[in-house]
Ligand code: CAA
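What follows is a single chain, given as structure tokens, in the form predicted on its own.
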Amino acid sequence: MEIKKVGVVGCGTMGAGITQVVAMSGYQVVTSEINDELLKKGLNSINAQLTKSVEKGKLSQADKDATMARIKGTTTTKDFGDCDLVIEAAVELMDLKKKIFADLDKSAPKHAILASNTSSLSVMDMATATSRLDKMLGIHFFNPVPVMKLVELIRTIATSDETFETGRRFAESVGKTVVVAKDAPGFIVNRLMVPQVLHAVRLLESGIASREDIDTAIQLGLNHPMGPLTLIDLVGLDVVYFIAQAMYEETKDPQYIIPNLMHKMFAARWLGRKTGKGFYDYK
């Protein structure tokens, strides 16, 4: 099957990034939000990112204009009625995702592939909300989507060969390198990364080292581009919180237990860069 038009459910950090990358790759894109205010915010963020690329000489004004022209915003799933692929990019809550996929099953054409950008949850569980188990898979992009080169492709026990290969070709067509994972909690990257960042929080919580020294140690000692606490602030503490919570509920592995400090920061809405305060102050 050939993908010509793509839908993206959610125009927040991940949804906007996916929308931008897909539109820049030449696809027509419909991106949705739950209200006009959030939709405008998401579209404005895409426009701002493209404007920066033009100012830096990485993108021509003509290419920027063409990219924005390929993007249509909406607040209703009915506008996904002629999409060949719809990617869900909502928060990591299974009940919400199931509701979205139940709606998409009704509004998207029968031939359309439905995909989740989930970073930890069972794609098969989401698929049960639809009547097209064979046309469901995970396409997990990484934040920030325009910069990060990786996509995790998640195949369930019911995903057809055609759906899987179409998903692979699509991910490669938007400039991503594909790795394949089974439909297991956290897949590859978060299965390895989440325990590390949670241990970094415990290290800070116990007073063994300062936030700066923890981050510097990982940056210079392991040659990571940023430390684990800075990474949590970039991704969003709430995102890491929901991922860890879901992985613990699924595996009961104690390495995924959320540290008390993160519970308190979550309650205070100290979520990182997007709220102006996390492990570091961004105000």
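Counting begins at 1, following the sequence as shown. Because the structure is predicted, anything quoted here is derived from the model rather than measured.
Keep in mind that the form predicted together with acetoacetyl-coenzyme A (CAA) is missing from the display, and what follows is about it.
- When acetoacetyl-coenzyme A (CAA) is considered in the predicted bound form, only one residue from K176, H140, R155, K135 comes within 4.5 Å through any heavy atom, namely H140.
- Here is the short version: of M193, L203, A129, M94, the single residue with a heavy atom within 4.5 Å of acetoacetyl-coenzyme A (CAA) in the predicted bound form is M193.
- The candidate spot formed by V147, L234 and I243 lies fully in contact with acetoacetyl-coenzyme A (CAA) in the predicted bound form, as each residue has a heavy atom within 4.5 Å of it.
- Look at 248-256, 235-243, 210-218, 60-68: in the predicted bound form, residues with non-hydrogen atoms within 4.5 angstroms of acetoacetyl-coenzyme A (CAA) sit in 235-243.
- Within 4.5 Å of any heavy atom of acetoacetyl-coenzyme A (CAA) in the predicted bound form lies no heavy atom of L222.
- Interface membership of M226, defined by any non-hydrogen atom within 4.5 Å of acetoacetyl-coenzyme A (CAA) in the predicted bound form, is confirmed.
- In the predicted bound form, acetoacetyl-coenzyme A (CAA) lies farther than 4.5 Å from every heavy atom of N47.
- Among heavy atoms of T159, none comes within 4.5 Å of acetoacetyl-coenzyme A (CAA) in the predicted bound form.
- In the predicted bound form, acetoacetyl-coenzyme A (CAA) lies within 4.5 angstroms of a heavy atom of only one residue of 115-129, namely S119.
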